[in-house]
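Only one chain is given next, in structure tokens, and it is the form predicted alone.
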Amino acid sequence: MNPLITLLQDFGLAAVPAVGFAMIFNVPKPALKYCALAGAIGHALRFALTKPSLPWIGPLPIELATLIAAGVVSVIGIYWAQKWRAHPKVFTVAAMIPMVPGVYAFTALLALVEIERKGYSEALLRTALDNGLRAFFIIAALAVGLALPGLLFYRRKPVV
């Protein structure tokens, strides 16, 4: 399949959970389209950064790509918040939901359940640790990427 079509498909599908969670978080109706756009931009950027089809960057680890995408979404959210006189979290928190590592966390927990059911196995422990640590670092990257631009732009004292 064409990489551009795959990227556009990822862009469109990532907007759906962003809008859904924005509705759960009682985001005002006019801001829903911005939440959808921010969620789509973040997930599509992470998707593009992890693929080998980018010759100037190459495939990045998903944790680093998540940090970059979360930072970009947070900067966009700060810009929109200043433009529309709202809090940046209105636009950014729901936009981070499509990047939550559900598959990695589920695989880690499934491996732990299999260890409990069948007994210790090195392969199952490796699967649980690999996926559990990857899920942890992706969530940490989301938190740091969400917080860092706000800390840099809204400081009372200069960074240097």
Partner chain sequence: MNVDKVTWVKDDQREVTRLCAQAGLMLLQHGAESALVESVVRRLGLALGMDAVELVLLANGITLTTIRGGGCHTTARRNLDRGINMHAVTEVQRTMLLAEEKQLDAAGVARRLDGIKPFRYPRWLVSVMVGFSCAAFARLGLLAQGAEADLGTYVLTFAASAVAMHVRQWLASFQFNPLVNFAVTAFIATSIAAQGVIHGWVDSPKIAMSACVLLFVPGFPFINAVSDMVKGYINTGISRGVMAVLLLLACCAGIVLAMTVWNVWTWL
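Note that the structure is a prediction, hence the values are computed from the model and not measured. Take the two forms, find the largest set of C-alpha atoms that superpose within 1.5 Å, and that set is the rigid core. Residue numbers count along the first chain shown, from 1.
Not on display, but discussed next: the form predicted together with the partner chain.
Although the partner is absent here, residue 130 lies well away from the partner chain in the model of the complex, with no heavy atom inside 4.5 Å. By the criterion of a heavy atom within 4.5 Å, residue 96 is counted among the residues contacting the partner chain in the model of the complex. Looking at residue 111, you'd find a heavy atom of it within 4.5 angstroms of the partner chain in the model of the complex.
Taking the partner from elsewhere, residue 17 is found to have a heavy atom lying within 4.5 Å of the partner chain in the model of the complex. Checking 41, 27, 62, 48 against the partner chain in the model of the complex, a heavy atom within 4.5 Å turns up for just one residue: 27.
Along 80-119, residues 84, 85, 86, 87, 89, 90, 93, 96, 97, 98, 100, 102, 103, 105, 106, 107, 109, 110, 111, 113, 114, 117 each place a heavy atom within 4.5 Å of the partner chain in the model of the complex. After superposing the rigid core, the Cα of residue 72 is displaced by less than 2 Å between this form and the one not shown. Core-aligned CA deviation for residue 25 between this form and the one not shown: 2 Å or greater.
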